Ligand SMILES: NC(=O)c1ccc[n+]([C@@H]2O[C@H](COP(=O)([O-])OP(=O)(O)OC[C@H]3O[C@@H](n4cnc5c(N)ncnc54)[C@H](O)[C@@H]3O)[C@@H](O)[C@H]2O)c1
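Shown here is one chain on its own, the form predicted on its own, set out as structure tokens.
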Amino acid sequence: MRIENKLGLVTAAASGMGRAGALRFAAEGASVMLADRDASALHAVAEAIEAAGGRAHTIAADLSNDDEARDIVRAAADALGGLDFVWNHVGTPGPARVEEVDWNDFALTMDLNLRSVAVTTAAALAHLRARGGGALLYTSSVSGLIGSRQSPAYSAAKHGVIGYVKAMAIRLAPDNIRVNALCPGPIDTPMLRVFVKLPDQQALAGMDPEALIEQRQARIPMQRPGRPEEVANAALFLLSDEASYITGVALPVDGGATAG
């Protein structure tokens, strides 16, 4: 088992990539705390983990709230007996508008995609140091590597995540804490369809949601969206000791979308 006896926190674990990661980490021997706003879906993920012989705890939280973002770290360390890794996977689509933007939407984009990263990290560091080090992993996006016409606000936040990762990788290396990011392209999750169904996105693209998904798939060299499990596999590698000399990396999981 690749992360046997590791203790970890996964945010946005109720569905999609976060759920796939939680299941995979538990199958590989980790004990996990799962955080999300959707308590019932979290419970179902934990039940699946426990039915397979794993160990999981859950906590419902809104990570746009700083106190709740700190609370999940405290709850994870208390329930598990410490922390070896955190996967900050939480995020939200951003507004397409630049003019006449709803600044509350803009603020939420920054809070969930970037601010929550810094808040949970600040809360987790003492726990990681107490275990002799560990790994921090963040979900950025291909929109954090290249500009996004669909949402400049989202792109700005995800670029910020990568900047934070690189700076923290340097800062935390003496503490034996590795810091990396994943940059998924289009992944076949409920969030993909939520994003393309936003009225601003359809207006910007001038097409309906399914046509917009097909157009984006056509731009991917592998000609398909990714699967949540493929992102989970990349996350597992970066959190495992197999990646012991890898820090400060923003790894695309995008079917070649950013290769050109």
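Worth saying up front: this structure is predicted, and the values here are computed from it rather than measured. Residue indices: 1-based, along the sequence shown.
The form predicted together with the named molecule exists for this protein as well; it is not shown, and the discussion that follows is about that form.
Thinking of the named molecule in the predicted bound form, which stretch from 74-82, 127-135, 95-103, 110-118 has heavy atoms inside 4.5 Å of it? Looking at the other structure, the answer is 110-118.
Though only this chain appears here, would Ser15 touch the named molecule in the predicted bound form if you measure heavy atom gaps against 4.5 Å? Close contact exists here: in the predicted bound form, Ser15 approaches the named molecule to within 4.5 Å, heavy atoms only.
Considering non-hydrogen atoms and a 4.5 Å limit, does the named molecule approach Gln217 in the predicted bound form? Residue-level check for Gln217: no, no contact with the named molecule.
Can you tell me if Asp62 lies within 4.5 angstroms of the named molecule in the predicted bound form, counting non-hydrogen atoms only? Yes, Asp62 lies within 4.5 Å of the named molecule in the predicted bound form.
Would you check, heavy atoms only and a 4.5 Å threshold, whether Asp67 touches the named molecule in the predicted bound form? Outside the cut-off, so no.
If the cut-off is 4.5 angstroms on heavy atoms, which of these, Met168, Ile177, Ala123, Val90, is the one near the named molecule in the predicted bound form? Here the answer is residue option Val90.
Give a yes or no on whether each residue among Asp38, Thr139 and Pro190 has a heavy atom within 4.5 Å of the named molecule in the predicted bound form. Each of the three qualifies.
Hey, which residues along 141-176 are within 4.5 angstroms of the named molecule in the predicted bound form, non-hydrogen atoms only? Contacts from 141-176: Ser141, Tyr154, Lys158.
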